[in-house]
Every structure is written in structure tokens, then in C-alpha cells.
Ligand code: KDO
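This document starts with one chain, in the form predicted alone, laid out as C-alpha cells.
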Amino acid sequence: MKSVSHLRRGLLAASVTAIALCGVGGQALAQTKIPMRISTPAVPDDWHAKMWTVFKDSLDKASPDQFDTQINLNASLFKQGTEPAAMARGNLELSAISAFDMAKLVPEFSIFTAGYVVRDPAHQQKVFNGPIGEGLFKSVSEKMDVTILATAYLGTRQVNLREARNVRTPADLKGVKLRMPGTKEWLFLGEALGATATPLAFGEVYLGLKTGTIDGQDNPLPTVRAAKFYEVTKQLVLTNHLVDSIFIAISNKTWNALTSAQKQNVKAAAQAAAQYNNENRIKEEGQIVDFFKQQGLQVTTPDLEAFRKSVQDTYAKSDYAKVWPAGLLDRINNTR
């Protein structure tokens, strides 16, 4: 009996030791996963938030048990605009950054904050997925310590007017008090469109349109619907004057520590996420046009070539164009 008791105690001790070793091994396995903290100001219902789930799922499928992807929405991890610096310091792995973010340290990128540089979402992808994007992204990596993985479509800004008018060229917007965000870059764009650019806080735009303080405003169509500007306006002019982008980026510190296979899978996951966002946002914008027509708004399309030429000529004569590399605008325009 005594030998049996000793045997049982020995087996029990061996079992406890085995469990403990498994636990240690499990912890070690968990600790070897590469952290992928994502910070975004996007709200849960935004396609820019949902795309990160596509990124996580794609990466987990391609690289099982290799990454610990953590999605932080609503700017809960880092405030909007602070993500590039956090990634450069190695305090954040992933985020989506804007052309405005990059233009601060890579001045030539400011060309993508100007009107009528990118024609549409398809042109956007061809520009950034080709040699132009490759060269600019190399500068971004060198100057910002982040690597661009994919380009996501943010939306196209349109002109929304309180009273309907025949708008064919920028001359037809002369005298129109067009609300723009209150920075000099945005106000310059409003003037370049032919209007009288009027700074006004976003929260005051609805009342401004209702009372006639302003004659119009510009925003992507989903914003027009969300803010109910259609209740106090009569026309949408599909000027397509700014096709905006955000760029899925990863910290160079994280990127450079990955194996070639891991880099390939991370980039593929980012591109899958961007494609998901792009397809759904484009589909939503197309459906929204019908919504506005149902609300009684006139939806018109002006002479886009006349607008593009006038706006680009205005920028070409400005200080903004002085930091653009020679020939870059022509190269972008000639990308088909």
C-alpha cells in the first residue's frame, strides 16, 4: 500500500509539473506573437473601421498564431493626427494616415491635397500602385519611418447649393458663398473652384444654409446625408473636385523585423482591407445619389474638364506648386 501511495504521489507530481510546463510553454507561445496595435479615429459603422477586421482576419488566416492584432477604434489609443509620430517612435504598429499628414514632412505629397489632381477612385489606385506611388512612398519611408502598405478611398467631395443654378464652369460659381473648412489650404481650394470661400465651423453649416449666411458647402455625399444638408439645399453639383485618400501604414520598426513571408502576408492583408473599403464606399456613394433625387434635389454634372483645367492652372500659379517636383502633375494627369 505504501508503494502504491508513493506511486500515486509521484504520478500526481509529474502531472502537476507537466501542466505547469504546458502553461509556461503556452505563455511563451503567446509572447512570441508579434503585436499589431491598430489606432484609428473611425467609428464602428464606418467602412474605414470595418476594413481593419478584414485585415485581421486575412492576416490570421495567412499567418496563424504569428500576430496579435488589436483594433482600437474611436481614437481610443492615439488621437487623430498623432499616429504618424507614434509609429515613427515605435509606440504604434499600424494606422491609416492622410495626405495632409504626409505633406507635413514630405512636402511634395501636398500635390494630393489640391483639387482635380486625382480624377476618380480608379485613377487613385493606378497612381498610387504605380511608379509615382512607389517613388513617393519611398520618400515617406525615409522621412517618416513608416511603410505604406495600401491606399484606401476616403470619398469624393461635391458642391451642395442652397439654390439651384446652372453650373457648367467655375465662372458659374462667381459670388457664391461656399463654406469651406477654415484653413488656408481649404479656402484656397474654394476660391480656385470659382466661389467666394467662406470659413464656417461644420456645426454651423446647417443653420448657415437655412438662413442664407452661406450659399453652399462641399463634402462627400455620405456626409451630406448624415448631416441632413439635403433638407436645406436644392442642388448637388457633382464637381468631383477632391478624390481623397487614406493610406494604411506600418511602423518601419515593426516592418523591418518581419520575415519576407510575414511582410508578404501583412501587405496582402492591408490590400484586402483597402479593397473591401473601396468597393463598399464606392457602392454607397452610387446609391446615395438616388437618395438625394428622391429628396427632391437636382443632381447635375458640370463640365469637369473646364473645372479641372481652371483649378489646376490656379494651383500652378500658386506657392503650393513650388514644392511639387517638376513634371509630377503631368505624370499624374497622364496616368490612365
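Start at 1 and count along the sequence shown; that's the residue number. The model shown is predicted, which means the values in this text are computed figures rather than measured ones. What we label the rigid core is the largest C-alpha set whose atoms superpose within 1.5 Å from one form to the other.
The following text describes the form predicted in complex with the ligand, which does not appear among the structures shown.
Peer 1: Select, from the options 302 to 310, 62 to 70, 287 to 295, 44 to 52, the stretch whose residues sit within 4.5 angstroms of the ligand in the model of the complex by heavy atom distance.
Peer 2: One stretch meets the cut-off, namely 44 to 52.
Peer 1: May I ask whether Gly90, Ser141 and Gln262 all come within 4.5 angstroms of the ligand in the model of the complex, judged by heavy atoms?
Peer 2: Judged in the model of the complex, none of Gly90, Ser141 and Gln262 sits within 4.5 Å of the ligand.
Peer 1: Taking 4.5 angstroms as the cut-off for heavy atoms, does Gln80 touch the ligand in the model of the complex?
Peer 2: So Gln80 counts as contacting the ligand.
Peer 1: Quick one: is Arg179 in contact with the ligand in the model of the complex, heavy atoms, 4.5 Å cut-off?
Peer 2: Heavy-atom contact with the ligand at 4.5 Å: present for Arg179.
Peer 1: Is it the case that Thr113, even though its partner is missing from this view, gets within 4.5 Å of the ligand in the model of the complex, heavy atoms only?
Peer 2: Taking the distances in the model of the complex, the answer for Thr113 is no, it never comes within 4.5 Å of the ligand.
Peer 1: Considering only heavy atoms, tell me if Trp186 and the ligand come within 4.5 Å of each other in the model of the complex.
Peer 2: Flag for Trp186 set to yes.
Peer 1: Would you kindly say which of Thr254, Thr151, Asn219, Gln235 lies with a heavy atom within 4.5 Å of the ligand in the model of the complex?
Peer 2: It is Asn219.
Peer 1: Heavy atom within 4.5 Å of the ligand in the model of the complex: which of Thr198, Thr156, Gln125, Ser98?
Peer 2: None of the other options qualify; the answer is Ser98.
Peer 1: Taking the rigid core as the frame, does Leu221 move its C-alpha by 2 Å or more between the shown form and the other one?
Peer 2: Passes the 2 Å threshold, so yes.
Peer 1: Indicate whether Pro199 shows a C-alpha shift of 2 Å or more between the shown form and the other one, with the rigid core used for the fit.
Peer 2: Yes, Pro199 moves 2 Å or more.
Peer 1: Using a superposition on the rigid core, decide whether the Cα position of Gln158 changes by 2 angstroms or more between the shown form and the other one.
Peer 2: Yes, its C-alpha moves 2 Å or more.
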